[in-house]
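What follows is one chain in structure tokens, specifically the form predicted on its own.
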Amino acid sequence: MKLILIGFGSVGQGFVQILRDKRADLAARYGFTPQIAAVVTRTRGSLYHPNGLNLDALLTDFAAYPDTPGLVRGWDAARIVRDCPADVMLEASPTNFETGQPALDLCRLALEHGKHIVLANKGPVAVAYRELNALAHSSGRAFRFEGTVMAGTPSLRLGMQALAGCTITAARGILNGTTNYMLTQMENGVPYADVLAQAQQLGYAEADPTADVDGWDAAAKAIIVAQALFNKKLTFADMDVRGISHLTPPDIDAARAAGERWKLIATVTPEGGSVQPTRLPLSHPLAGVSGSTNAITYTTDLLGDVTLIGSGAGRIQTGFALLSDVLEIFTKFTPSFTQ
């Protein structure tokens, strides 16, 4: 299986690190021996080699990748997706919540040229889920996006596959690790401004934390869950979204006095979705989820509430999400990769 990797930041590097470190295990357990045929970055150019790139060299210093016979530098992303004879395009570039671009056009191009697509980039899935799903179906290719919600914790796979046969009536979750970390610290008495600065220093929050603290990152994930589980097309304008920046120490204290805890909860039903700071009783499964951990509860007819708790971010964790999707594609399409 030959792979194209769009984006070589934290997630892309985490994925390549996993392939390098687990090379022997993946080959022994699954017969899976992938090659990274090409890597495209936003600011450092691109590399393509028909026989695969050296993973150690990629991780050591992308800019100083050694010249080898057959190596091609400098192709733009569209040319690589169009002309590189690879099997899967993985999209791990920065997210554009408004248009999904430029990743969305690359996804279209990849499917048009017979490539499977795997995304950690939330933008194209949130903006054009139905279109990409239809394109994948018509071309006989796979469209996978586990890494867009709760990183490598298999939240989407749980809802879409493991709970098959159940009717899911709602999904409620803590889908943003930054705000969950902040709320945990605020409950410990740290003021909002100080805890935001801490989150930025730890790398949980960006220099511009708007998407996290105002609820839009969680909303994007809720939109993906709504489309994947309920085939419900939502936009940001359809959702009631409110973040945590208005919460004060008296709000935190009042919840504690009532035996409750604030959490930023994304809720999705077949009718719609919302993201709201919510006071939960301490007995609620989501109330005990602390720090940067994420969780989701599916309400089902056969099993009642099923709650999954796990990491919602991280280099290796999200890199694993890409691996899990690629392995699923490899297993499903194994004959085409073993001829």
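Residue indices: 1-based, along the sequence shown. All values reported here derive from a predicted model rather than from experimental measurement.
Keep in mind the form predicted in complex with another copy of the chain is missing from the figure; the text below concerns it.
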query	finding
Proximity to another copy of the chain in the predicted complex (heavy atom, within 4.5 Å), stretch among 302-310, 63-71, 272-280, 47-55	302-310
Contact residue in the predicted complex, chosen from T99, T248, T167, N231 - any heavy atom within 4.5 Å of another copy of the chain	T167
Contact residue in the predicted complex, chosen from G243, G152, G123, G177 - any heavy atom within 4.5 Å of another copy of the chain	G152
Contact test in the predicted complex: S10 vs another copy of the chain, heavy atoms, 4.5 Å	no
V326 within 4.5 Å of another copy of the chain in the predicted complex, heavy atoms	no
Non-hydrogen atom contact R82 with another copy of the chain in the predicted complex at 4.5 angstroms	no
Contact label in the predicted complex: F320 to another copy of the chain, heavy atom within 4.5 Å	yes
